[in-house]
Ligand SMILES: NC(=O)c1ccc[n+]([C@@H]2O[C@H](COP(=O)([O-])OP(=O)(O)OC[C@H]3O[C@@H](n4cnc5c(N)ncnc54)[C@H](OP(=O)(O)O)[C@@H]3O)[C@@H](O)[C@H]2O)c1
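One chain comes next, on its own, written as structure tokens: the form predicted alone.
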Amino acid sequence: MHLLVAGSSSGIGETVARRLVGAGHRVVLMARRSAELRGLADELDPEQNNRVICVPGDVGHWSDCKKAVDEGVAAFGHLDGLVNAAGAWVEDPLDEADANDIAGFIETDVAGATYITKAILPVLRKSGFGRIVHINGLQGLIRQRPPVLYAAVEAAVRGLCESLRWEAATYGVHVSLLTLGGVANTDPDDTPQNKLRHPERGHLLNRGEVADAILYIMDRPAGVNIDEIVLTPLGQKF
């Protein structure tokens, strides 16, 4: 498959991109940090065999999303799907959060998810097939506690996926939501799970386990939609 991975310069997005390329997929790398993105592209496709291209950009900007899709189609001939791992974070209580930080959070996680999806949909619709996967946080599903902004943003992405699933099915496009509990973003992506612990939240997932779930979704035959996978470490604590 030919896939666009948004938020692929580090963290979960980087691991997903690595795993997809390793599995034989062609990948468009998109993220804001151009130096890291180009370094990853050089590493994953050192012979420049058109397996990977990088398109630096911000999912919160419509023009960047359109450019990533257009350049992906120009390089690979077509695109088959999207993995959106781009995300920001504001943990402050709502009454203390900076308004500019809130705007940036919403721009990346809500507007960005919408823009990058809108940008790729016409390409997938034209081919009559495609897969879109958005990575989301557990508080979009179980809204039991702060941070309030995180719960609100993740709930918005959930709404996007759950509604789009029905709309996109009419032209052959599959929409999935990967909802995650605690993930160790700074440890090596293959660190054994029993060695990953947060002092307050307990066990954590490694990024390789998240990538496994993405590959599982992408490998399903046409006509099989994975509505949602909820992936949490054993004994997940909020």
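When you see a residue number, it is the position in the sequence shown, counting from 1. Worth saying up front: this structure is predicted, and the values here are computed from it rather than measured.
Another form, the form predicted together with the ligand, is not on view; read the next lines as being about it.
- Note on contacts: among 31, 52, 177, 173, the single residue with a heavy atom within 4.5 Å of the ligand in the predicted complex is 31.
- Among 69, 40, 183, 211, the residue placing a heavy atom within 4.5 Å of the ligand in the predicted complex is 183.
- Residue contact with the ligand in the predicted complex: residue 59 places a heavy atom within 4.5 Å of it.
- Among heavy atoms of residue 7, some come within 4.5 Å of the ligand in the predicted complex.
- In the predicted complex, the ligand sits within 4.5 Å of a heavy atom belonging to residue 108.
- Heavy atoms of residue 137 reach within 4.5 Å of the ligand in the predicted complex, making it an interface residue.
- Residue heavy atoms within 4.5 Å of the ligand in the predicted complex occur in exactly one stretch of 90-98, 129-137, 69-77, 164-172, and that stretch is 129-137.
- Contacts with the ligand in the predicted complex, taken as any heavy atom within 4.5 Å, map within 65-95 to 85, 86, 87.
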